[in-house]
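Coming up is one lone chain in structure tokens, specifically the form predicted alone.
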Amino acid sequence: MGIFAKFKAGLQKTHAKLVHEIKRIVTRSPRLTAGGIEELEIALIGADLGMAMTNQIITAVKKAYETQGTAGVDVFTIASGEVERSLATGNAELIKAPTGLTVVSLVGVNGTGKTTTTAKLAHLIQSRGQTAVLAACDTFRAAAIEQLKLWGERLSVTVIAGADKSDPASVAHDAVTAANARHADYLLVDTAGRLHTKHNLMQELQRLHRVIGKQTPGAPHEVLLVLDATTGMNALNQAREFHKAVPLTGLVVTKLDGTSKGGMVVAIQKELGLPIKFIGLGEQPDDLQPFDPKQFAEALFSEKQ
């Protein structure tokens, strides 16, 4: 399956609901009435596109109707164009340190799919002809360590792990040493899930990053917040708080294939200005895809499905 086909399949729930609502609104009357505008707003907000993006689309639609009249105004094309423009800001490429090891820390609340995402990212790196080492720093959850080890075996990737309940910073320290000894291109650090409201856990994450930074100046080079798309706009609060505690460099959005709230990707990027680096569109190793703003916007609003 091609990347665009995966985007379309993954965003099917969001797309179906959104397109159905927009079609119903725009085909009911040749003119865009005040009531129609209000319904369009509700449909866009219902897909969790957020107020800022919704207002941007509504403004563009109104302008098109004013300048073109009722003939030839395509709300889908306008909406897709506005979303693509908004998402195209920032560098969506995975950062690579100029020399030596690149450290990527994956952070987020419990249940977003961090461990699986860490493994899938290693698979993607391998597919590009580079090498990765995994650090099992979610030491609070024994299942997370075992899960990462299983992924390591499946993908033939080295996993550095400590004992259950061991100090995450200590595991990270050992992992940096091991990754450097192996001349790996990337070290991917799977951190424990933590509520963004728990100050002590945020401090622990900051400490882990400091330990990594002492060993490898400038590390972690990439701090990716893993968000679960099914949580909708709740993910925005998580993103705000994590960004305050550990400056984020990008976002990974998982479980887009299971939600009608895929617009939250747009809302979060719009508010925080952080690039979406990858999105998760399924369970297989290659279902983590580099984010493409144009294809995402088209998959969200295209009438041709």
Partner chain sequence: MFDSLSGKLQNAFKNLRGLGKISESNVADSLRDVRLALLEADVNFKVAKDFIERVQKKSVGVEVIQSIHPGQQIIKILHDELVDLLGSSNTGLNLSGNPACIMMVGLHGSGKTTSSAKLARLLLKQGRTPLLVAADVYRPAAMDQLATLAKQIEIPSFVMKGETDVLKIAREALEFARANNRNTLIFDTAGRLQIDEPLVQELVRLRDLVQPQEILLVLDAATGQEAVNVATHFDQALNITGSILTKLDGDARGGAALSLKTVTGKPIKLAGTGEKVEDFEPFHPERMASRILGMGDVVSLVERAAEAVDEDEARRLEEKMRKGQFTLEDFLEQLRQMKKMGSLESIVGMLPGGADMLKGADLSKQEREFTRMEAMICAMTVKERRAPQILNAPRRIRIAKGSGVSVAELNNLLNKFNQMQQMMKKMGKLQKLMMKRGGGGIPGMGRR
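Each form is matched to the other, and the largest set of C-alpha atoms that superpose within 1.5 Å is called the rigid core. What you see is a predicted model, and the numbers here were worked out from it, not measured in a lab. Residue numbers count along the first chain shown, from 1.
Separately, the form predicted together with its partner chain exists; it is not shown, and the next lines address it.
Undergrad: Among 39-47, 245-253, 26-34, 58-66, which stretch has residues whose heavy atoms lie within 4.5 Å of its partner chain in the predicted complex?
TA: Result for this chain: 39-47.
Undergrad: Does at least one non-hydrogen atom of residue 81 fall within 4.5 angstroms of its partner chain in the predicted complex?
TA: Although its partner chain is absent here, residue 81 would stay clear of it in the predicted complex, with no heavy atoms inside 4.5 Å.
Undergrad: Does the 4.5 Å heavy atom contact test between residue 162 and its partner chain in the predicted complex come out positive?
TA: Looking in the predicted complex, residue contacts with its partner chain do not include residue 162, since no heavy atom lies within 4.5 Å.
Undergrad: How about residue 286: is it within 4.5 Å of its partner chain in the predicted complex, going by heavy atoms?
TA: Answer no; every heavy atom of residue 286 is more than 4.5 Å from its partner chain in the predicted complex.
Undergrad: At the 4.5 Å heavy atom threshold, is residue 76 in contact with its partner chain in the predicted complex?
TA: Heavy-atom contact with its partner chain at 4.5 Å: absent for residue 76.
Undergrad: Thinking of 124, 157 and 293 as one candidate spot, does its partner chain come within 4.5 Å of a heavy atom in every one of them in the predicted complex?
TA: No: none of 124, 157 and 293 comes within 4.5 Å of its partner chain in the predicted complex.
Undergrad: If you check 130, 197, 206, 180 against its partner chain in the predicted complex, which one has a heavy atom within 4.5 Å?
TA: Checked against the cut-off, the match is 197.
Undergrad: Within 4.5 Å of its partner chain in the predicted complex, counting any non-hydrogen atom, which residues from 116-152 show up?
TA: Stretch hits, in order: 140, 141, 142, 143, 146, 147, 150, 151.
Undergrad: Taking the rigid core as the reference frame, tell me whether residue 280 has a CA displacement of 2 angstroms or more between the shown form and the other one.
TA: Residue 280: C-alpha displaced by less than 2 Å between the shown form and the other one.
Undergrad: So, does residue 260 move by 2 Å or more at the CA between the shown form and the other one, with the core held fixed?
TA: Shift at residue 260: 2 Å or more after core fit.
Undergrad: Using the rigid core as the reference frame, would you say residue 251 shifts its C-alpha by 2 Å or more between the shown form and the other one?
TA: Shift of 2 Å or more: no.
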